[in-house]
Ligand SMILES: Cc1cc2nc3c(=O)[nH]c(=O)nc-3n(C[C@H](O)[C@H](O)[C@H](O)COP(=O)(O)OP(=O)(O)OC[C@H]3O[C@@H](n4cnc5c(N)ncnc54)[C@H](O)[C@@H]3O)c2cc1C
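Single chain ahead, by itself, as structure tokens, in the form predicted on its own.
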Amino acid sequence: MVDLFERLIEARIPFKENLSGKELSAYRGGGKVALVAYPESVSALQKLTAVAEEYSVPYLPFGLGSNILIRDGGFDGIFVSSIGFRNIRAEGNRLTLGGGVALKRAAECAAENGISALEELTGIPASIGGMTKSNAGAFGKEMADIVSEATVFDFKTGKVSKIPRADIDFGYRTSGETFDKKMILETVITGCRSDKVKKVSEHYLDQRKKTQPSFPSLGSVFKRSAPGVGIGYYIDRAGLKGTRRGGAEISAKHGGFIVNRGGGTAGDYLELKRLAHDVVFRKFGIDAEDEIEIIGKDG
């Protein structure tokens, strides 16, 4: 990695070495990532990916780590951070948001400009790029309802292109293969005019606080089994809420979440995830599908 580091320094691309899941993942646990790079332009992205390819080092786009679990053995590659792409522009009923913009800031901008679009999603601790790729949603609203287009950097070609909404393969908590090997630089969101955006956002944020745990987590562990029915319902019926392994717990407040009560490892999380999956399958015949992304090596 030493030569690779020197090349990144020459290219003036900021980076940090050996950051752990405690620093990178919203779960606040997990293994180390060999390198996190912080490009701030398309040119920097092109140089970074060229160097990574030259040294055969794997790399992945990275936002705020809101749904990524890094196995305890870590990831011997590069996280390509989107934090350098945080432009925001409001025009009429449209918001143009850099992929690295946190939802919290995007929601504030929407409220400041009277654009109704993101209220139901308020409180999700994610970046706009990550939310677009995963088609994040809450309270009946999802990104597919409001995204007009996305601008992406293609890691394979090194080129930038725009993808209109019609060409994004949105589904439940997925965008299919639309953004594979790509990094979302910008998302355009279209809403409608309203003078009640802040008030409605506060309502949904309050609802989230009432029903979801405050401990570090990756949000919902599993996708819904059917419209309106979360796997947390079945985990609750199975009597698993409050079950602990090490520092992790199937939340006593909401069975669909696994939280870090202090010192939780990725292994603790995965043990509880397997337990919940297997018990729900055995009792109810439901084969729960992961909503989170798991990367890296076993510890």
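These numbers come from a predicted model, not from an experiment. A residue's number is simply how far along the shown sequence it sits, counting from 1.
There is another form of this protein, the form predicted together with the ligand, and it is not shown here; the text below is about that form.
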Worksheet item: Of the listed stretches (194 to 202, 70 to 78, 162 to 170, 175 to 183), which one has a non-hydrogen atom within 4.5 Å of the ligand in the model of the complex?
Response: 175 to 183
Worksheet item: Which one of 44, 60, 36, 57 is close to the ligand in the model of the complex, taking close to mean a heavy atom within 4.5 Å?
Response: 60
Worksheet entry | The unique member of 147, 106, 117, 218 whose heavy atoms fall within 4.5 Å of the ligand in the model of the complex | 218
Worksheet item: So in the model of the complex, does residue 208 come within 4.5 Å of the ligand, heavy atom to heavy atom?
Response: yes
Worksheet item: Should residue 158 be classed as touching the ligand in the model of the complex when contacts are defined as heavy atoms within 4.5 Å?
Response: no
Worksheet item: Though only this chain appears here, would residue 26 touch the ligand in the model of the complex if you measure heavy atom gaps against 4.5 Å?
Response: yes
Worksheet item: Heavy atoms within 4.5 Å of the ligand in the model of the complex: does residue 65 have any?
Response: yes
Discussion item. Just to make sure I understand: among 129 to 144, which residues lie within 4.5 Å of the ligand in the model of the complex, judging by heavy atoms?
Written reply: 129, 130, 131, 133, 134, 136, 137, 138
